[in-house]
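In structure tokens, one chain follows: the form predicted on its own.
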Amino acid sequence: MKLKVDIRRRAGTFYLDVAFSVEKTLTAIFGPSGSGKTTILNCITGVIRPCDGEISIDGNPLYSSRDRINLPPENRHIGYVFQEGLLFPHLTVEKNIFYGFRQEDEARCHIAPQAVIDVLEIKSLLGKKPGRLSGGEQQRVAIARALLSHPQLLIFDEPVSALDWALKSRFLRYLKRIKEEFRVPILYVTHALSEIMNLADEVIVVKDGRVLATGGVSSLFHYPHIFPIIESEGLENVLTLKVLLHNKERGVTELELGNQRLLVPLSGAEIGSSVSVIVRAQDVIVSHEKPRGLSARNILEGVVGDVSIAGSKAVLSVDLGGRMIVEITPEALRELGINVGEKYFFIIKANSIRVC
């Protein structure tokens, strides 16, 4: 699937002028509030109409000012998951998720309902009405409904902004499974760097109605306008890892991180299940050589994939068997002589890791 967007739209004093294409499985649109992210989504889905330009999927126009084409939303075959689930309150969960499914041509039905129900773990919710669901449950039902409409593109507009960290991390696990198992192209709008680092294959950076940059996740840290966000929010890695074993004597749980093991405080999660762990970028120490005599439980080997200076921070993109962002000072970067493509040791205290 290839989405091409080249549009202009004016609303009061705000002027949107963006052009980009999307081919990756999950592309994030990132930018501060008021940058035009939701306006872009609404133009793609047909909720609002641009003043000029073109929008197409695989060469088929959804909107073209030149050719006077403007398909209605229901004919664009795009699934849209909002910040709030926006479920039909008078229908059960089962009737909500099958609402779009029964209206589709069977030839386009490439996602099995039972697979969606299993992946999103909503079987026990099917007989309930939305008013009896938590915020996280409502969002999972909204995703199921969007998937069973068999979209050619799935859009998320800051879907976890209203959830606490425990629910957010669980939601992100579901989204990763959707990405891996159903292979539906996803456009994901957020202003949270941690979500981008955990999910995205590519990022489109938007500010003041313009596209400033597109590229891989690590490219974010090369643009000065991102620095204030990094300074104010900090950087957190959110990893979804498999539980290997519990060691009650040592008080730790071992998680699978590529061909290495990450030790975290003892968890009650089942062996073989997946958990989300949160590691602050500033809590990772870098060393040229494998240190000895430390109290830290995790001494991991990794390769530096990218280095950038973000204001008063040096940001490293590291492959430890999973992608992780590490934050050190520019002075430490110079003193260690860190080079892209070289191996280093990364030290993390088990007690500094949050498990969700």
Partner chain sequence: MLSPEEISAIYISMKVAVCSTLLILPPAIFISWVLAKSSIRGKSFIETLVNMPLALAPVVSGFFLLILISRTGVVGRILYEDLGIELTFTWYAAVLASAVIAFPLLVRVARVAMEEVDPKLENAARTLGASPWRVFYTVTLPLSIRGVIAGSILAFTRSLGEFGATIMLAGNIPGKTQTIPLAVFNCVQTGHEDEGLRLVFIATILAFSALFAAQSISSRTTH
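Nothing here was measured: the structure is a model prediction, and the numbers come from that model. Numbering follows the first chain given and starts at 1.
Omitted here: the form predicted together with the partner chain. The next part is about that form.
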Check your understanding: Would N198 show up as a contact with the partner chain in the model of the complex if we use heavy atoms at 4.5 Å?
Key -> no
Exercise for review: Indicate whether the partner chain has at least one heavy atom within 4.5 Å of a heavy atom of I78 in the model of the complex.
Suggested key: yes
Review point. So in the model of the complex, does any heavy atom of G136 sit within 4.5 Å of the partner chain?
Key: no
**Study point:** the partner chain contact at L86 in the model of the complex, heavy atom, 4.5 Å
**Key:** yes
Check your understanding: Between the options E74, D208, D164, E181, which residue brings a heavy atom to within 4.5 Å of the partner chain in the model of the complex?
Key -> E74
Check your understanding: Among N237, T253, S169, S149, which has any heavy atom within 4.5 Å of the partner chain in the model of the complex?
Key -> S149
Review point. For the chain seen here without its partner, which of 182 to 190, 114 to 122, 88 to 96, 260 to 268 has a heavy atom within 4.5 Å of the partner chain in the model of the complex?
Key: 88 to 96
Practice item. Give, in sequence order, every residue of 25 to 50 that has a heavy atom within 4.5 Å of the partner chain in the model of the complex, or say none if there are no such residues. Key: T45, V47
